[in-house]
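Given next, in structure tokens, is a single chain: the form predicted alone.
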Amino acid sequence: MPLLGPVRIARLVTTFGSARAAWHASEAELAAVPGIGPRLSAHIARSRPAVNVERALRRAGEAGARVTTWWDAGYPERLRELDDAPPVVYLRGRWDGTAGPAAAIVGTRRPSPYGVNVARTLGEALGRAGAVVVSGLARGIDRAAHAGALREDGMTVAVLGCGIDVVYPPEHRSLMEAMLARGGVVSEVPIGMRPRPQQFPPRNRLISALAQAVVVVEGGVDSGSLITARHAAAQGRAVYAVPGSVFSAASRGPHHLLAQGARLLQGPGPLLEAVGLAWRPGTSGPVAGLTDTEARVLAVLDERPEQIDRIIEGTALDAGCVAAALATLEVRGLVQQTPGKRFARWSVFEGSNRPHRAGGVTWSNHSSS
């Protein structure tokens, strides 16, 4: 009901002893509740006739959703800790709301190849280790994180800013269907409600609440991902930021968080430790699935930009093959093109074979930009 948020609903239920009693309270009784008053009580009284609980429950069932409230055993455990916990939560998929190891990965809808690679790699590491990857099903970083977890047959959960039966953005329908089989989707927004801008900032508090740690990969200083980070800090969650290029606008958000005291994340290890798991490097990382030609091109590159002529010479391949391989590697976020038609390798979370330790977990040296 508009104007009646979780805190006021909780106050009404506490005052009257039950949701049913609060629902049937008179306008005068509602007005006497602290924080309600005559104006809001009149609004509640006018709005009640338009609310059809039976119809809403029927629509939820038709959408394959489970409706849970504060009083239900199936209510997500970590959401109960919130001062403004949603009174009703809609769930779809296999995830049952259990508070197991979980991390949220958030960021811009317009990521760089580097950002996509980082989010996907973190999602893979979490999924492989058995942690739930939480995000918002948005384009860009969210999508890459969800897809990374699914690639490792991991569990991933999306918190929606619309009704749980609405696919937004619409091109993520197949991704959502895959998530329902391996995880789930969550929303506090009523069934059938389309996405509205004002619904996304409150949604972000649920993303952070469902996780033990939140990672911001890329985003602006005023982006939704930083709203999520602020919620996480207020909720006592660990907040991590991934550093990026100083020339990229998408790095401003993470760098701002680092200046504010967020933890620097340079590899999956500390994140896995933060959720109580050990990092198990796998073979299906960012360089898996390359053709022989692409692997040969990638093998001759490092972080120092090289002219394409030197790459052709190093691979002993013809120019057309090298150019095609470079284009594919750039799209996958493994190679970046620098001014002067030079190419260098993005070594995100993989690199030399000489490991170092940070946070008690060993992983390979790598560049953070």
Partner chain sequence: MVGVELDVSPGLPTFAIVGLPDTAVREARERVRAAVRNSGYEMPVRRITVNLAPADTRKAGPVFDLPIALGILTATRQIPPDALRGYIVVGELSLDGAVRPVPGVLSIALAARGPGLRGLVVPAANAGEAALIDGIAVHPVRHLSEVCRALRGQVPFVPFASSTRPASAPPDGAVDYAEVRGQAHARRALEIAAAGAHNVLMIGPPGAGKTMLARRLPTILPPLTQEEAIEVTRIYSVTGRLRQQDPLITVRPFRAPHHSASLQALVGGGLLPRPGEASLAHLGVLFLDELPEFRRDVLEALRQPLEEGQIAVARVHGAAVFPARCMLVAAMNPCPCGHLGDPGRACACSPAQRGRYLRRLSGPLIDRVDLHVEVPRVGGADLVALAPGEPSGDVRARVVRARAIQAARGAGLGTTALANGTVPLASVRATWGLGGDGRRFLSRAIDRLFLSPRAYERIVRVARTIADLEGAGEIRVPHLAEAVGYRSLDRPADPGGPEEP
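Numbering follows the first chain given and starts at 1. Just so it is clear, the structure is predicted and the values come from calculations on it, not from any experiment. Here, rigid core means the biggest group of C-alpha atoms that superpose within 1.5 Å across both forms.
Another form exists, predicted together with its partner chain; not displayed. Remarks below refer to it.
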_Just to be sure I understand the contacts: of Ala323, Ala316, Leu57, Ala28, which is the one whose heavy atoms reach within 4.5 angstroms of its partner chain in the model of the complex?_
Ala323
*Considering its partner chain in the model of the complex, which of Ala42, Val51, Ala32, Val331 comes within 4.5 Å of it through any heavy atom?*
Val331
*Is there a heavy atom of Arg310 lying 4.5 Å or less from a heavy atom of its partner chain in the model of the complex?*
yes
*So in the model of the complex, does any heavy atom of Pro170 sit within 4.5 Å of its partner chain?*
yes
*Look up in the model of the complex whether Leu277 has a non-hydrogen atom within 4.5 angstroms of its partner chain, and give yes or no.*
no
_4.5 Å heavy atom contact, Ala102 and its partner chain in the model of the complex_ = no
*Candidate site Leu150, Leu175 and Gln337: all three near its partner chain in the model of the complex by heavy atom within 4.5 Å*: yes
*Pick from 175 to 183, 255 to 263, 205 to 213, 72 to 80: which stretch has non-hydrogen atoms within 4.5 Å of its partner chain in the model of the complex?*
175 to 183
*Heavy atom within 4.5 Å of its partner chain in the model of the complex: which residues of 232 to 247 qualify?*
Ser245
*Post core alignment: Thr315 C-alpha displaced by 2 Å or more between this form and the one not shown*: yes
_At a 2 Å cut-off on C-alpha positions, does Glu303 qualify as shifted between this form and the one not shown after fitting the rigid core?_
yes
*asked:* Does Ala324 shift between this form and the one not shown by 2 angstroms or more at the C-alpha, the core having been superposed?
replied: yes
_Since the Cα-Cα distance for Ser112 and Glu306 shifts by 3 angstroms or more in the model of the complex, is it a contraction (closer) or an expansion (farther)?_
closer
*in the model of the complex, do the Cα atoms of Gly340 and Ser112 sit closer or farther apart than here, given a shift of 3 Å or more?*
closer
